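What follows is one chain in structure tokens, specifically the form predicted on its own.
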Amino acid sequence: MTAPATARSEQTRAQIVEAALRLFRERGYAGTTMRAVAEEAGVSVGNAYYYFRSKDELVQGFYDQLAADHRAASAPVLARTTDLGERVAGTLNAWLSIAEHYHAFAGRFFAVAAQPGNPLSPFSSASHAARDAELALWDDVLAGSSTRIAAQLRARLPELLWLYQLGIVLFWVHDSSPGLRRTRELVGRSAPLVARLVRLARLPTLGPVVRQAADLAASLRGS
């Protein structure tokens, strides 16, 4: 009985998240209430609060699902190639593919999440589960690569790649080109450069510069 019950629970949880996202697109984050989400999902208000204690927690559920979907969508390219540039580009393009459905309301949602101290920020303590899942994915991108990585840089690199991903996401939020062509082009042109910088970090002349940049990025993150 446990497996079917768990499956139903996960289905109800996903149903509530999808309903909330539909309302966010239509009404914005501030204009969406938990009661409206429950009605849209076809569940009682009490049931909605059973799975999510607040709108913020509901959005964290969306972040968690997005991170899980990102890993699943990235798996084929990570299984296919050990080239670091291809692995980085494939992982970013996988995110763009699964997030495309949410692009229409991404700008309004980003305006809320970007507020300093907001728990919906990707840097907040409330977002740690999704953030840790993304960092683990980027660690796997590196682990399966044939590129030799400077030991001093290796520990910092998953976070630096995640920050790079956030930069791509910010560009994506503002991209109005057909089929998000400009964002795809940015990924295609920048991923090989990132891979090249990682390789250059092993050189005695350039390695210290790259590592100093990595330390600077980490300090700005408060690490």
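Since the model is a prediction, treat every value here as computed from it, not as a measurement. When you see a residue number, it is the position in the sequence shown, counting from 1. The term rigid core refers to the maximal set of C-alpha atoms that superpose within 1.5 Å between the two forms.
Heads up, the form predicted in complex with the DNA isn't pictured, but that's what we're talking about next.
Would you please decide whether residue 55 lies within 4.5 angstroms of the DNA in the predicted complex, comparing each non-hydrogen atom pair? Yes, residue 55 is a contact residue.
Given that the partner is absent here, does residue 189 sit within 4.5 Å of the DNA in the predicted complex, heavy atoms only? Contact check for residue 189: no, nothing within 4.5 Å of the DNA in the predicted complex.
Is residue 68 near the DNA? Define near as a heavy atom within 4.5 Å, in the predicted complex. Judged by the heavy-atom cut-off of 4.5 Å, residue 68 is well away from the DNA in the predicted complex.
The DNA contact at residue 176 in the predicted complex, heavy atom, 4.5 Å: Heavy-atom contact with the DNA at 4.5 Å: absent for residue 176.
Quick check for you: of 181-189, 44-52, 194-202, 151-159, which stretch puts a non-hydrogen atom within 4.5 Å of the DNA in the predicted complex? It is 44-52 that comes within 4.5 Å of the partner.
Non-hydrogen atom within 4.5 Å of the DNA in the predicted complex for each of 6, 9 and 35: Yes: 6, 9 and 35 each sit within 4.5 Å of the DNA in the predicted complex.
Superposing on the rigid core, do we see a C-alpha displacement of 2 Å or more at residue 168 between this form and the one not shown? After core superposition, the C-alpha of residue 168 moves less than 2 Å between this form and the one not shown.
Flag for residue 194, CA shift 2 Å or larger between this form and the one not shown after aligning core: Shift of 2 Å or more: no.
Direction of Cα pair change residue 104-residue 56 in the predicted complex, magnitude 3 angstroms or more: Distance between the C-alphas of residue 104 and residue 56: shorter in the predicted complex, by 3 Å or more.
Cα separation of residue 177 and residue 28 in the predicted complex versus here, shift of 3 Å or more: Closer: residue 177 and residue 28 approach by 3 Å or more in the predicted complex.
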